[in-house]
Ligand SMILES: Cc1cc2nc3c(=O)[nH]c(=O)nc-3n(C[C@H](O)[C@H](O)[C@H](O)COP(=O)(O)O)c2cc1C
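Just the one chain here, the form predicted on its own, laid out as structure tokens.
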Amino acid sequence: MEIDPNNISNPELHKLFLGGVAPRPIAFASTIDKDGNVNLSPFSFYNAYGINPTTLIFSPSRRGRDNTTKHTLENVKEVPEVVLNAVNYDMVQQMSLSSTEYPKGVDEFVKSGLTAIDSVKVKPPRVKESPLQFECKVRDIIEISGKAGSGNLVICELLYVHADENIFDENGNIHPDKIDLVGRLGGDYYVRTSGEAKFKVPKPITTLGIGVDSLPEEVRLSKILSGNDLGILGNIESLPNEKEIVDSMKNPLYRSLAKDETARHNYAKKLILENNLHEALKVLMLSSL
């Protein structure tokens, strides 16, 4: 399928973005207008963009149906401050309820049953139930086009942080299971950071991997090993040497694997899953003898 964004409707394009640019973190934004009316609303067009100064950007888009603006956008124009509250699984239903299109002046803290508590540096209150709260000043607002459905980039600078001490591990890092954040997918779908949905991919920062191009041709063209398998093997720093491969032939299992490519690749895949990468490569290179 090929899609020209100029040939589909805004709702169709919006649906494509929501499903394809995901999972997205949620900016649970608490703001206040010039008269002191508080607003609380979630936005999933949101992320962090640097730390000097620490910059967070979220986008309260114009409504597609009538091109009106969200109360959040109107508030930050009047009082350029916001608290971006993280959303975890324990509060996801209340967060969703707060996204209801209540009339201006209605306090979503009250409607959602969440607790408003005073901030330190800014006027808008923060969400007590949130495990991580970012008090920010609004540095700039970039209105993309003013057309229906268009974004408005609210560029925020971090002033103060409130964090639940229980979200940190013994090394002082935020642990995904402990904070249990939720992210936005398309439609009614969400994802959470705890449980089996998460996995690790070590960053190739301290090592210089050999690269997939350095793997034997039989390995690169394998019909059993996946692209992820090849990427993992390409991240090791050196191939097994000939002596290691010859010595491995003392094992009867390895002698049999040397004669059967399918069995060899399946066994290597098992070793990769066990993170025994050097041994997996020894098995894969048995055919070179």
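These numbers come from a predicted model, not from an experiment. Heads up: residue numbers just count along the shown sequence, starting at 1.
Unshown form predicted in complex with the named molecule; subsequent notes refer to it.
J.: Just one stretch in 229-237, 252-260, 55-63, 216-224 has heavy atoms within 4.5 Å of the named molecule in the predicted bound form, so which one is it?
T.: Heavy atoms within 4.5 Å of the named molecule in the predicted bound form occur in 55-63.
J.: Contact between I26 and the named molecule in the predicted bound form at 4.5 Å, heavy atoms?
T.: The answer is yes: I26 has a heavy atom within 4.5 Å of the named molecule.
J.: For N173, is any heavy atom within 4.5 Å of the named molecule in the predicted bound form, or not?
T.: Answer no; every heavy atom of N173 is more than 4.5 Å from the named molecule in the predicted bound form.
J.: Residue-level question: is S30 within 4.5 Å of the named molecule in the predicted bound form, judged on heavy atoms?
T.: Output for S30 is no: heavy atoms all beyond 4.5 Å of the named molecule.
J.: I'd like to check something about S248: if you look in the predicted bound form, is any of its heavy atoms closer than or equal to 4.5 Å to a heavy atom of the named molecule?
T.: Result no; S248 lies far from the named molecule in the predicted bound form.
J.: Each of N39, F43 and E101 having a non-hydrogen atom within 4.5 Å of the named molecule in the predicted bound form: is that the case here?
T.: Every residue of the spot touches the named molecule in the predicted bound form.
J.: Only one of I179, A86, M95, V122 has a non-hydrogen atom within 4.5 angstroms of the named molecule in the predicted bound form; which is it?
T.: The residue from I179, A86, M95, V122 that makes the contact is M95.
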